[in-house]
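Just the one chain here, laid out as structure tokens, in the form predicted alone.
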Amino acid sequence: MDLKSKIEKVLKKFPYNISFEIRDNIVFLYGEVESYQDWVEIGLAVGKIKGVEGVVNKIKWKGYPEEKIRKREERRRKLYEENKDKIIGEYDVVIIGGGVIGTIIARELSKYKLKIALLEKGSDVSLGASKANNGMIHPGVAPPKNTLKRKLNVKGNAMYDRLCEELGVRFKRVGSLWLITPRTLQKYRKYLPAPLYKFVSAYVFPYIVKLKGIRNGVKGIKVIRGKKIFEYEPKATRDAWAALYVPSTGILDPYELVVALAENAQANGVEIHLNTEVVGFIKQEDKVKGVVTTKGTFLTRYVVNAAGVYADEIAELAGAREYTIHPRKGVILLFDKALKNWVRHCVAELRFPAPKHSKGGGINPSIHGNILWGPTAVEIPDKDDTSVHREEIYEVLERYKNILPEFPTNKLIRYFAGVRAPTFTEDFIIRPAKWVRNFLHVAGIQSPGLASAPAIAEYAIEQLKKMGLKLEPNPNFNPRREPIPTINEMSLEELNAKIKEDPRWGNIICTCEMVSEMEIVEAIKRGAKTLDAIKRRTRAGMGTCQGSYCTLKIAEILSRELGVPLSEIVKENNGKLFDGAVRGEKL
């Protein structure tokens, strides 16, 4: 059956008159449907068809934000005309997006003699999905066969020890413990007598999962039972029949990683331009000649599109639209560090079939000692919707309560949400654009995107090389980056020596996380200009009181060091501190 016939067969399952066209194995969908969920389901169904390399979903649903999109396009056109003739400079590579993928590609490219610019529309790096995930470095058991996710996950995971050592980023391999319980194969329970159901769950299913992991290249997976489970996790549910232990799972602070990557890339010559939104491209035939932004035009030989949830819109502006991002929100709950001994590993309860479009989430330790529950996976129409609602909190608590039944959930100190950037083919898209010769897609980077990031960077640069980019090694490349010293990790002798050098080391601004004035000053010197930028670099405001004690003190330091009025200090680039209506994640 040819591709057209396969698509027609799939679309017949839906009660709508949907038309389509195929261009170089990219499917463009047109029509109208009742709901956003129908829009998602149709796109996913077409994306699963073998041979489909991308789905551009132009179907409209009831409530489609036509006016909002029209105004956004008008704004971009206006800004394009205002800025296209302001030439910023000439570059070998322009990277769009300052998340983990954009910054790690920038750092990898800085190993070569190239002039590179990284463009980020926000006031700091790591403002999208990179700041709002649980920091787990997945081992690589979950990705399905014949996907880039599978190819790059295990490889990327193995690269983290060296990468984090070079960048001074805290990283720990805590391992995963996946519990097999009476609920694991619940859907099939009615088909099997109780003894057989338990046997299949505890003695057959674990080895199926282990075999999948081995086929993916994951090493060291063990099946454990009985008392051994509780030696690994003493507080785990007592109804666990078996468990799989996967030692290669790691944890880190995702925004600490992104900041470190950006600092190291910058130290090796990469220009990082913040508050620089891409509004269009200057093209000559089938090549991009310039990236037009709100600051002016960056002339370039190659473009890397690592714009996360906005990658499809950036591709559209370049005439390279090959996919549609359908945003998927994930809510995570953060618990007080006082509970750090409640969990030792990344713990999950295996359920089969797995939750739709998600590996299932779980309960994880953070690198700083907090416990994280989540994330969820919910399709949403708004790419900027990071709101958290009461029912979403209860959903997380209900979903994971069986893992640690006695866990004191009243120690919740914060909740937040991130938005993943999946395409309808549900795989990474890392390839040269089909219709624009010097444009590289690095899109659809959802979980396990963080775990795969080092391998994604290498793979992306292989693609650039095939596209014609000449890579001459940079003899001055320095892979190392020194982190901001933290008094939390100093001995008493080291701290006393620091205080003698500068008394500000002894002035504690955030008592929950033990952050000194000098750490905040150092963060400002490195580019932090907002309260949340300070938070990401120092953890000031991330403790039990969530900044109620230290926020004003930090704002005063920012005001002093930046030489601006206190009234101009902002939480993030989306709201002032003292305007009475700071937007963003709220507790």
Ligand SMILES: Cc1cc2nc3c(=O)[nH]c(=O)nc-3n(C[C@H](O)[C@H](O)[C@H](O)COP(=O)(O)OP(=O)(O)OC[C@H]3O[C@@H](n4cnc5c(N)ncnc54)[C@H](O)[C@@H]3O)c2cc1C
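Keep in mind that this is a model prediction, so the values were computed, not measured. A residue's number is simply how far along the shown sequence it sits, counting from 1.
Although it is not shown, the form predicted in complex with the ligand is what the next lines describe.
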(request) Can you check 135 to 143, 499 to 507, 177 to 185, 391 to 399 and let me know which stretch has heavy atoms within 4.5 Å of the ligand in the predicted complex? (result) 135 to 143
(message) Contact check in the predicted complex: 99, 277 and 314 versus the ligand, with a cutoff of 4.5 Å between any heavy atoms. Do all three pass?
(response) yes
(request) Could you check which residue among 129, 272, 371, 325 gets a heavy atom within 4.5 Å of the ligand in the predicted complex? (result) 129
(message) By the heavy atom within 4.5 Å rule, which residue out of 436, 419, 117, 464 makes contact with the ligand in the predicted complex?
(response) 419
(request) Classify residue 361 as contacting or not contacting the ligand in the predicted complex by the rule of any non-hydrogen atom within 4.5 angstroms, answering yes or no. (result) no
(message) Residue-level contact is defined here as any heavy atom of the residue lying within 4.5 Å of the ligand in the predicted complex; does residue 290 satisfy this criterion?
(response) no
(message) I'd like to know whether residue 304 contacts the ligand in the predicted complex, with contact meaning heavy atoms within 4.5 angstroms.
(response) no
(message) If we define contact as a non-hydrogen atom of the residue within 4.5 angstroms of the partner, is residue 333 a contact of the ligand in the predicted complex?
(response) no
(message) Heavy atom within 4.5 Å of the ligand in the predicted complex: which residues of 431 to 452 meet that condition, in order?
(response) 445, 446, 447, 448, 449, 450, 451
